[in-house]
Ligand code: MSP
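Coming up is one lone chain in C-alpha cells, specifically the form predicted on its own.
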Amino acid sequence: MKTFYLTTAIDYANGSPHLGHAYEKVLADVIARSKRLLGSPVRFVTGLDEHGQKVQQGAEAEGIDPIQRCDRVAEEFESMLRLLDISNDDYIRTTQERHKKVVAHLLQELHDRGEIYEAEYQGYYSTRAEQFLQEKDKVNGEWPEIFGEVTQITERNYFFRLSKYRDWLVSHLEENPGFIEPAHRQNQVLEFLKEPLNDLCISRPKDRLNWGIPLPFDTDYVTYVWFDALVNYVSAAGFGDPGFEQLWPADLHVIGKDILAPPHAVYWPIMLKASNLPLPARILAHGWWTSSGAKMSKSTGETVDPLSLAERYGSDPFRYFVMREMKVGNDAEFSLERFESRYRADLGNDLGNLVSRLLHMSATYEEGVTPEVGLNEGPEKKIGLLWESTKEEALKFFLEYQFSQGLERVFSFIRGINKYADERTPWKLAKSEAPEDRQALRTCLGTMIEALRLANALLAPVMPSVHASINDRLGLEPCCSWKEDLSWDHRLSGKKLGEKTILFPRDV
C-alpha cells in the first residue's frame, strides 16, 4: 500500500505564527489522523521557508545572521505544532542540506536540458512579494497593497521556460477536474491561464540578495525563493533515495488560497512536468480567516495569537473551533465571542455535560459498571438508527475534507443522546423499585454509554486529547481504527467506568 503523503505549505520565516498558520496545520493534522484511523500509512510533512529578501532584510535590521533569525522563528513554529498536538512526521527547513542538494540537482538538470536560459530583464519588482510584476498586475492603474513598494529594475537573470507548458497545464486541469479543490478554485486557475504566461525568473543576483541557495551553474546568483520553497515537497519525500516512489507523488497539498495561483497551481505543476516527475494527486486550497469581513493579516494589524487561545482553553477546544467554524474552501469569520460560544454550547453543554452526568449516574445507580442492555424498544431503536445515519454522513464528509459539516453531524448525534436521556428519564427510573423500571434504567445507561463511545470515536482526529480522556473514563485505549471501533456492539457491558470529570471548565 502506498503511503498517503500529505503536506502543508511551509511557513515563511519573516514573522510569528498566527491564526492562518495554526488553522492550516490543524486541518492537515485532522486529515492525517483520519487517514490513519481508516488504516492508511501516512507521511505528514510541514516546515519552514527560510530564504529570500525579507528574511535577509529582517536579520540585517536586527543585526544578526539570517540563520539565527530562522532558528528562532523555526522554534516558534515548532512550539505551535507541539501546543496544538500536530502529529507531523517530518519538519523540513529549506536551509537543510537534504533540501539544498535536491534544489541544486533539479536546477542543474533543467539547465542542462535547456529549460533554463539567461536574459536581461527590465520591469517592476515587488520586494514584499519577492516577485517581478507586469502592468496587468495593476488594479485601476495602481499596484495592489499586497505588493507593497514596487520599483523598476534592469538586471540579467536566469529564466525558466514556464510559457512552454501553458497549453499542457490547461489540458491537465480540464482532464482532471478534481486536481484542485474546491472546484471553483480550479476554475479560477483556468481563468488565470487564459492570459499568456511569461517565463519565470528563477534567480536573484548575489549583489542584491545573498541569502539563498546558489545556482549550481552560476554561483553569482541565488535561487528565487518560490523555486526553492516549492521543491521542499519532493526533498522531504526523499528525492533520489530508494523510498521516494513510496511517497511521491504527493496525495494532497494543503495550502491557502492566496498561494494557489500562480505558485502551487502554475509554477509547481510545470516545474514537476519539466523535471519529468509525477504531479500531486490533489491540491486543497482553504480560505482566509476574517475579522468584520476583512482578511486577518500582519500587515493590517488584524491577527490572532493562536497560542494564547490554546494555552487558555486547551488545544482541543481551539482545534474544534477552527474545524467546526470554517467550511474548507470558504472564508470564515473569527471573533472571541464566536469561540466562547462554541466552547460553552457545543463543548461544555452538549459534550461535557453528557460525559459528566453519564459517569455520575453510572456511579450512583450501577456502582460505575456498564450494565447490559436488555431492551430494544422505540427510544433505543431510534438512537441506534440515528447513529447509523450519523456514521455514514460524518465519514462521507470527513473523506471529502468537509470537517465542519461532519462535526455538525457528530454533535447533532451527541444532542440526540441527551434527548434520549430526557425521553427515558433515568433519574426518575432510579427512584422506582419495579423490575421493569430497573431494567429500563440499565438499558438507558448502557445505551448512552455505547452511544458516547461511538460519538467519541469520530472525535478522535479533531480532539485527540479530549477523545483519549473520555475513552480513559470508559476503560478504553484511544481509538486506533474506525473500521473496528464504529460498530454498535455494546462492548463495554460489565466494564468498570472511571470517575466523572469536567472536560471544559467554565472558569477559564
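What you see is a predicted model; the values in this text were computed from it and never measured. Just count from 1 along the sequence shown to find any residue number.
The same protein also has a form predicted together with the named molecule, omitted here; what follows describes it.
- In summary, among the residues Gly348, Gly287, Gly416, Pro249, the only one with a non-hydrogen atom within 4.5 Å of the named molecule in the model of the complex is Gly287.
- Only one of the listed residues (Ala229, Leu309, Ala421, Ile180) places a non-hydrogen atom within 4.5 angstroms of the named molecule in the model of the complex, and that residue is Ala229.
- Figure note: of the listed segments 102-110, 188-196, 252-260, 353-361, the one touching the named molecule in the model of the complex, with heavy atoms no more than 4.5 Å away, is 252-260.
- Taken together, the three residues Gly20, Glu24 and Asp49 all come within 4.5 Å of the named molecule in the model of the complex, as judged by their closest heavy atom.
- In the model of the complex, the named molecule lies farther than 4.5 Å from every heavy atom of Trp488.
- Among heavy atoms of Lys391, none comes within 4.5 Å of the named molecule in the model of the complex.
- At a distance threshold of 4.5 angstroms between non-hydrogen atoms, Tyr267 is out of contact with the named molecule in the model of the complex.
- The shortest heavy atom separation between Tyr233 and the named molecule in the model of the complex is within 4.5 Å.
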